[in-house]
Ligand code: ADP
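First, one chain by itself: the form predicted alone, in structure tokens.
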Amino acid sequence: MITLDSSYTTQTLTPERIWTNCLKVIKESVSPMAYSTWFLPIKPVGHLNNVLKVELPGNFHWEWIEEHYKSLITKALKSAAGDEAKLEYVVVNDFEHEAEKPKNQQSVTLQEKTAIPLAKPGERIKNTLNQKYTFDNFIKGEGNQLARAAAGAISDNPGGTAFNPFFVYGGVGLGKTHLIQAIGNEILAKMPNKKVIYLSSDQFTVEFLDSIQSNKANEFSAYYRAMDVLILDDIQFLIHKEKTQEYFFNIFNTLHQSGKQIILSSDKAPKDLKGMDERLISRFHWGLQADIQPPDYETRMAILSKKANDFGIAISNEILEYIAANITSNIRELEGCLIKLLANVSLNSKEITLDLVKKSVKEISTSKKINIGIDIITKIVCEFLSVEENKVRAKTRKQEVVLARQLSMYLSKELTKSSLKTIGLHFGGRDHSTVIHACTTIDKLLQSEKSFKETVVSIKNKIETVCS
């Protein structure tokens, strides 16, 4: 039992002392993580006529407190300042400039029912899902049967099934992104008030590091903990990002404990995610892991027919059968072949003949089968230059390590679609200017040293061989 300081009357108690006494009650009723995340950032700013005024750092913070801890705070306040005490929140819009805080404060008492409307975060949630990814245009087949069935169940009852988290994995171009976004779109169609957010793990990492640099890590964490459905694509890109994994682990725990839905995708099964926190891998096994296999012949035919109809081009069964028989690795290549045919028809006024199709199939099927990733590039560069891979992410300035790091950055910019900021993140959180400097340095070496140029050509050939 907690004994509060009784040597002061409610008239003489300062706002700070009242709130300190409230915190003593609250701390006994919540986890250390919840206490530090939701209550320590609250600041007492005034006390008048039995009303304690406290400042909150943002709208999401207020909304979470109001939804989850209202009765606890009421109990703590009455213990600290008497039965007549009331609480008034001052919510500071966290997107306003710090110097303008006094002008942009919004006040709301504990007794008011109307929530403060979300500002910029709400706009961001609306725009995260691609509307073209729906269940209607997702072709079911033998290779995705379990994943599709589970996705439908989740969209009917997010957070209320045994499929939480829902972990979808499989190779490139098999429809993982389509399926997980279709869940989000279906949930919003049925339950428009749900907070659903989709993003890639690269984007999650960039936002996390931005929040660290701007001293808003608590707000970053609170934002994602306030979601009803969190959809995170390509979770494998969190590998070797220990701090980001730590924050995601805490967000994961809060969402799962609150009955919120978590949906993840990866190119590997959880057990194969080497370099991922074991605690996270353990939690990935709490729900359902569903793999997506390459489509069988019948599914490929169904996909081709649907896509051709969507593109508005008439293609004979003979041609569709030829494509389906010769492009077998993934859905993206099937679509790529049809786009090539559409371009020839619309731009070059060519008829779709079997010869034209054979040419298109040959071009598509001999292209790279998987996306070249920054991790693969780094691994191969380090092998060629006899440098330990982990050192290129460290702060060392040894000449051989710096060269390996700069060449890895240069090839990542040339061979991937990653932004300069994303590339920098893969090398110990360096900024985009470091990547630009690395590319400039390598360009100069390529122009001035023939032997170095030959080495780079060999490295590129190795990368393309591995990724073909």
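A residue's number is simply how far along the shown sequence it sits, counting from 1. None of the values given here were measured: they were computed from a predicted structure.
One more form of this protein, predicted together with this ligand, exists but is not displayed; see below.
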ask   = Is there a heavy atom of L72 lying 4.5 Å or less from a heavy atom of this ligand in the predicted bound form?
value = no
ask   = Might R393 be said to contact this ligand in the predicted bound form, defining contact as any heavy atom within 4.5 Å?
value = no
request  = May I ask you to check whether K379 falls inside a 4.5 Å heavy atom distance of this ligand in the predicted bound form?
outcome  = no
ask   = Counting only non-hydrogen atoms and a 4.5 angstroms cut-off, does H178 reach this ligand in the predicted bound form?
value = yes
ask   = So which of 186-194, 131-139, 83-91, 247-255 is the stretch with heavy atoms within 4.5 Å of this ligand in the predicted bound form?
value = 131-139
note = Answer key: of A182, I303, V357, I374, within 4.5 Å of this ligand in the predicted bound form (heavy atoms) is I303
key: The unique member of A226, L174, A151, I327 whose heavy atoms fall within 4.5 Å of this ligand in the predicted bound form   = L174
